[in-house]
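Taken one at a time, structure 1 and structure 2 that follow are two forms of one protein chain, written as structure tokens.
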Structure 1
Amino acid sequence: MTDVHHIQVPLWYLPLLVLIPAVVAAGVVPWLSRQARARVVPEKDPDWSIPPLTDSRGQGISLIHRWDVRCKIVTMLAYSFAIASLSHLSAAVAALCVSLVVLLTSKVSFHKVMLRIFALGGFLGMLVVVMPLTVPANPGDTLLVFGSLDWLEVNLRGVILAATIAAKAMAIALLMEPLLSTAPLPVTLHGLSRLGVPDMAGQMVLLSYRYLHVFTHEARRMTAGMKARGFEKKTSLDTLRALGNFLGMIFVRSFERTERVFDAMQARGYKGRFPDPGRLQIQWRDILLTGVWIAAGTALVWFDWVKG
């Protein structure tokens, strides 16, 4: 444990190690992005922002759907923090497996889960590439050296560290879809406000979520107009000026719209709160599920701790 181990690897391993991930990425990334673009406007997905008109229990199609929102939020957030605190690869992989099981039982849209994993790719990809090369060599570390290229040292501890972070991030990301889309957004926010989060915070999330779509449409219309006038994105000052004006126009319109939105809300009797989307009730099975889940989280943290 005192020295840094060096493992000499023939030089031809290097292209192999670069080529295989490159080929895999070349195959997977276009497929994922095609999947992502295939449905930019989700047509069949139930709209998240609309409160349920009928009894919210009626849509219980899985265990997670029927779980009381308050229990669900508290449990999943506490569990996420527990996962984020793990420090061993084996514990992180176990957490990833737990998340996969939850995902399979919760019957959420697979497509949206894939989009989330795809969104993680950039940051995690950077970590996976950068960390093995930059982690300082501590006593006891193992370094891979490729042939005579002694400036290129791959630290295996960095590989493991990056893999652990990636596993933890994915384990939490996989839970986000079961956490958020198993109840309509207003119900989730209502649960949050019942847990003590200020009412206004939830209202602001709802409003900005709603207007996100309005401004996306507006931005799309403006882009169509710019294209019709022959605008083309290039790396040039003119492009930057056009985009600067484009952003300015979005802001002008949004600030004007806020006034109209607020007037319309007041005209409909807005007095600082929205109507509650239904009653929440905790039953014994909500508590049971919470207990099981917390036990799983505790077991993971304990396992991690036992390993040192």
Structure 2
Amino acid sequence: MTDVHHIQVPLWYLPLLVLIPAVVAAGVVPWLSRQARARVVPEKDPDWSIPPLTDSRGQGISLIHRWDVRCKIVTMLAYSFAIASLSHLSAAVAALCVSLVVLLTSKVSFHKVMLRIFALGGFLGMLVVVMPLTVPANPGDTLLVFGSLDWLEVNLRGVILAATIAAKAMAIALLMEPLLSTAPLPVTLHGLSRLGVPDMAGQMVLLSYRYLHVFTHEARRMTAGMKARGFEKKTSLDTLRALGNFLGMIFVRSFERTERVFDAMQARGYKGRFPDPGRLQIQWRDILLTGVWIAAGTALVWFDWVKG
């Protein structure tokens, strides 16, 4: 392919490109792990039957907190689709910058944001590594060749494409924290119900979130009891048998607790619907903020179209 441009770079660039991300990951991953353990195993054992349904460590109430939850859900969903439609790296980076600005103004927990990024980073990291090596070379593409390794060609178009996808994914993922952490979960689910989502779906999500903490705490207690009795994970039938018994006990206890919870709900007058957590009312500032978001999404789409 005569129209493909090849750029020869020194071979020592290759280990440098591998070592720099590895060193960064070696420093970031342990820090995130410590932050996750600090959140999972706090100094004082909390009441796991009442998990926090909103971010209580925020530094204040922002404009996103006061935004009507229905407008917030619809606007961020439409804005996310606008981000997903972008096709140029510059527009995707601009969308990522907008998401970062929203994070700073919404005053959500920085540690939760970093954990969300870390959960997404594994997949995006593989994408950034694999795509430049697998994208087929088209006329006009530029390929990097490291030293005499002619079989190892990095397509710069693949690098740009992977970076564009990663920026769009990060921009959308970062918006989920202001959406979920700036209003209590019952209020968010109530807003979804007012938008037409079946009430039963919202109740299932709320109960699942609430009692997932309880079952997780129960699993930790059982794991601590097994370790206190000398249990160690090994590649053996005894370990498989112990893990099978462990999962069976978790299932039985979960089923029994579910029956008790449902009986308690019926004894308190549950008729298939939870009471509304509050009255939702759209005000002029909600409409104004929605218009600003729609304008920002339209501007990004227009900028991306102009770049094309």
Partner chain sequence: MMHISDGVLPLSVTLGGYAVSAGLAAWSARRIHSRDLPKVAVVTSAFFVASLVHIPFGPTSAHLLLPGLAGALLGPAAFLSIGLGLLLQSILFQFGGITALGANAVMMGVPAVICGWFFQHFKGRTIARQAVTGGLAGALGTVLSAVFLAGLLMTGGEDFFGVAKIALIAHVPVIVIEGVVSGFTIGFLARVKPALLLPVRSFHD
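We call the rigid core whatever largest set of C-alpha positions still superposes within 1.5 Å between the two forms. In this text, all values refer to a predicted model and were calculated from it rather than measured experimentally. Structure 1 provides the reference sequence; residues are numbered from 1 along it.
Between the two chain copies, the one drawn from the form predicted alone is structure 2. Remark: with the core as the superposition reference, the CA shift of P275 between structures 1 and 2 stays below 2 Å. The Cα shift for A228 between structures 1 and 2, taken after rigid core superposition, is 2 angstroms or larger.
Once both forms are overlaid on the rigid core, the distance between the two CA positions of L237 between structures 1 and 2 is 2 angstroms or more.
In the core-superposed comparison between structures 1 and 2, the CA atom of M249 travels 2.9 Å.
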